[in-house]
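As structure tokens, one chain now follows by itself in the form predicted on its own.
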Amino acid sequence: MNALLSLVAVSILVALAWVGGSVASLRSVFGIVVPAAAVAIFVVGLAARVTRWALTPVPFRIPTTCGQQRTLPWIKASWIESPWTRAGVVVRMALEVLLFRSLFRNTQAAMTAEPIPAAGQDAHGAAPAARGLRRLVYGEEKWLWLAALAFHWSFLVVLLRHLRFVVEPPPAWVDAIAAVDGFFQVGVPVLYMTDVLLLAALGYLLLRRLVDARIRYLSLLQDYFALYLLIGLVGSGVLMRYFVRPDVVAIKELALGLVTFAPVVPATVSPFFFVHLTLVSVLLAYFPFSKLVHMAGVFLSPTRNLANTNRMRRHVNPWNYPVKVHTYEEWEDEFRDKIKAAGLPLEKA
């Protein structure tokens, strides 16, 4: 039901964008007002969420570690998996952000039933039926890591390639990225490797949620909505590049007008582009309030950005306030006579 409702929601967005791009009186709304509002929501929402995270106190060091902590000199410590220096934290964060190190170590668990023949015979002399032994089995799940890595890096490359629509003249390094991305040229136009990887990765992530019963049970409506939104966004871009040839000059004129605050909607812009632009706008507006904001949250996560120095120095909670305590010495003085009468030892004679 969650997958179906999300698909219906994205389909409605696509239909509205198509109508908005086809009706002359609505083209300015979907070409100027909607993108501008989406950018404003994205900037304000992301800034508010990051500010709230940054102002949240972290009184204790709670880094997630999977290696030996630094203790005695003769015990070898893991300076990346349990870093105690700033350099170790930087390396660990870089591996997490660039290569998804924690996801690479992700495992999957499943219950398996193994038939084990039972010994002996029953009252009629027949061998009893085999009994099933349920066992918890762990295994690697590298396909999820590979799909996530392919999606994020391909999406980044596509974003960098799109700079040629909003920068005039485009930087030389943008053309270099496009040349490397399209090195495997198949016909005209050039087939970009990132387009194929994006569709393949999103398809795998969606099928994984639909096919696996356990993941489907845990998946929420917003999980499917984000996937369908990204599939629609990438799919519309692929359609415009390889199948429906839009007016690229008019699209660049519209994009340059948006970034220079002099918007104009050329009459030759295809409704396909309005579908693509509307999905981009919805993604921007939805980003600060969804799970997709982990892109910014990973840098502010105390489980990742803190050094594990709990044994090297004492960390005192700054929220602690003076509390009247009853020490053992005071308790012993209070019950000294009873302790002596019971024959129990005293710390202070």
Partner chain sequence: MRDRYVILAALVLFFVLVTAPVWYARAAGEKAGGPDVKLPTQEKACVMPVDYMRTSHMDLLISWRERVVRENIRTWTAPDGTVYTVSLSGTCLKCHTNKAEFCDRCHDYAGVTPYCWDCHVDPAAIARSRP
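Note that this is a predicted model, so its numbers are computed, not measured. Residue numbers count along the first chain shown, from 1.
FYI, the form predicted in complex with its partner chain isn't displayed, but the following is about it.
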query: Contact test in the predicted bound form: residue 262 vs its partner chain, heavy atoms, 4.5 Å; finding: yes
query: Contact of residue 50 with its partner chain in the predicted bound form (heavy atom, 4.5 Å); finding: yes
query: Its partner chain contact in the predicted bound form: residue 61, any heavy atom under 4.5 Å; finding: yes
query: Residue 203, heavy atom within 4.5 angstroms of its partner chain in the predicted bound form; finding: no
query: Partner-contacting position among 32, 46, 26, 285 - heavy atom within 4.5 Å of its partner chain in the predicted bound form; finding: 46
query: Segment that reaches its partner chain in the predicted bound form - one of 272-280, 229-237, 167-175, 194-202, heavy atoms within 4.5 Å; finding: 167-175
query: Within 241-257, the residues that have a heavy atom no more than 4.5 Å from its partner chain in the predicted bound form; finding: 245, 246, 247, 248, 249, 252, 253, 256, 257
